[in-house]
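Below, in structure tokens: the form predicted alone, a single chain.
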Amino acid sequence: MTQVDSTLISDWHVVADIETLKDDTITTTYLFGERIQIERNHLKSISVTTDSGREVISRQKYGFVWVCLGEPGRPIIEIPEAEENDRHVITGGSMGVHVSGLRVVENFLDMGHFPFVHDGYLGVETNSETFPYQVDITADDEIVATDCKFFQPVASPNAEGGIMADYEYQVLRPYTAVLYKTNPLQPHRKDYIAIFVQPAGEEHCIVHPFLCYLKDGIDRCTVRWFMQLIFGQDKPILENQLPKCLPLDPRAETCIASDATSVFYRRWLREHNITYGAIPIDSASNFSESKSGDIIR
């Protein structure tokens, strides 16, 4: 296995949607380039082992299998919205992407691509302005972007016409990001969307969405369909980004004002010495090719 940052080895990572596992069957996947095997028996008990037969610490939570390849340095994240009875709590369908998982997280944080990649849904190409917003690092050492607003013609499947959607982004772990978004029918509350990105390799990942949508005016199947529709538009753009790993040198790719969250994210990764799926500063200093596509620099 490629050398992996100690922070990532001691963290929890989603490796499977439990709904996809069959009884008395072994499912094979990858984490940090290492092949792991997930077995569920007829009693629904799940065990995870490496190719060498070493048993990996695993837990079941929020409909996923989580593993830690080392000794856990902190617990799995808590999601209070998952305990609210008036929400659909849904795994959004795992999707493989041929790009660094860090690229996927950065794309998730980017509003600037809405009008161009999600035209007619999350944005309109003729109305592409991104308004100023606030980005901070919390006392818990998490990135939070607030006061994010964007006009969206179809902000959610239950929307009846376009709205100015309010967003709040959070980056909780290097490969975990969360979005709180205006609910069209209950504007005083927000829908919850998270992505748990499984770094299968440095340039390959599996994205596990998790959705807590208010039930008003929408069913479970439609929530999942909408998530997969939007991500299906992102996937080909992400897979055409070069380089596939995320450059951490601020000189490698030119940023604009709407990229404030991305700037914080890359700096935050550098400060935490996260290099897996990234191009560290020493390696990126000579890189001059601009990234094209989803996040416009």
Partner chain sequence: MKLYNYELSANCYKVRLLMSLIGIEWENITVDYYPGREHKSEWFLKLNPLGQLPLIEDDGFILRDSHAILVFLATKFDDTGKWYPTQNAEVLGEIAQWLGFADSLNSTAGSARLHDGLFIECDIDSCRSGAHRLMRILDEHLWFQEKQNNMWICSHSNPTIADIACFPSIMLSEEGGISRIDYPAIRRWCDRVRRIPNFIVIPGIFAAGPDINCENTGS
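Numbering follows the first chain given and starts at 1. No experiment lies behind these values; they were computed from the predicted model shown.
Heads up, the form predicted together with the partner chain isn't pictured, but that's what we're talking about next.
Query raised in the report: Would the partner chain in the model of the complex be within 4.5 angstroms of a non-hydrogen atom of every residue among 19, 93 and 239?
Result: Yes: 19, 93 and 239 each sit within 4.5 Å of the partner chain in the model of the complex.
Query raised in the report: Pick from 172-180, 222-230, 79-87, 155-163: which stretch has a heavy atom within 4.5 Å of the partner chain in the model of the complex?
Result: After filtering at 4.5 Å, what remains is 222-230.
Query - Proximity to the partner chain in the model of the complex, single hit among 235, 61, 270, 40 (heavy atom within 4.5 Å) - result: So the residue touching the partner chain in the model of the complex, by this definition, is 235.
Query raised in the report: With the partner chain left out of view, which of 122, 212, 206, 102 would have a heavy atom within 4.5 Å of it in the model of the complex?
Result: Exactly one residue meets the criterion: 206.
Query raised in the report: Is there any non-hydrogen atom of residue 117 lying within 4.5 Å of the partner chain in the model of the complex?
Result: Contact with the partner chain, yes.
Query raised in the report: Does anything in 120-153 come within 4.5 Å of the partner chain in the model of the complex by heavy atoms, and if so which residues, in order?
Result: None of them.
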